[in-house]
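Next comes just one chain, in structure tokens: the form predicted on its own.
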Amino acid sequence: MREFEINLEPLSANATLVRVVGWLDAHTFEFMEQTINNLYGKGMVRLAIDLSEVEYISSAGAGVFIGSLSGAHERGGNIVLMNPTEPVKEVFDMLGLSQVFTFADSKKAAAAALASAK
């Protein structure tokens, strides 16, 4: 297991790319939640979450995104999930969340999906 890490970078003029590395589980979900809430506090409500380096996600980890998605919508934003690894995609499928979230396979596709957020 790699150390859990979150890196932020601009995706477009009004969207932020959030790169997540490692395991998103009961030990790390609060840090993820706090990071997203801090972004919302700064008015950054259009987030692309890059999951390409997340090796494992628990239901607690997935729960962060459920709560954060409604928070984004309440603020006029959205969350797009990018490139989930197979184990992560399986958890989203199993929990029925693949029907709720928008998924993108590139920065360009994520930026376009976020630009159309209402």
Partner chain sequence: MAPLHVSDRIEVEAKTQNLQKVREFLHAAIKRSALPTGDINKVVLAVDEAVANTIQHGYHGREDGTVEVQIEADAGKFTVRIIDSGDPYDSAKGVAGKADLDLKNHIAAGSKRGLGLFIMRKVMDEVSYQSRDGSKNVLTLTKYIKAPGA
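Positions refer to the first chain, counted from 1. Everything numeric in this text was worked out from a predicted model, so none of it was measured.
This next part talks about the form predicted together with its partner chain, which is not shown.
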Does any heavy atom of residue 29 come within 4.5 Å of a heavy atom of its partner chain in the model of the complex?
yes
Report yes if any heavy atom of residue 50 sits within 4.5 Å of a heavy atom of its partner chain in the model of the complex; otherwise report no.
no
Although the partner isn't part of this model, could you tell me whether residue 10 comes within 4.5 Å of its partner chain in the model of the complex, counting any heavy atom of the residue?
no
In the model of the complex, is there a heavy atom of its partner chain that lies within 4.5 Å of any heavy atom of residue 44, even though the partner is absent here?
no
Heavy atom within 4.5 Å of its partner chain in the model of the complex - residue from 82, 36, 57, 79
57
Taking its partner chain in the model of the complex and a 4.5 Å non-hydrogen atom cutoff, the residues of 40-70 making contact are 56, 57, 58, 59, 63, 64, 66, 67, 70
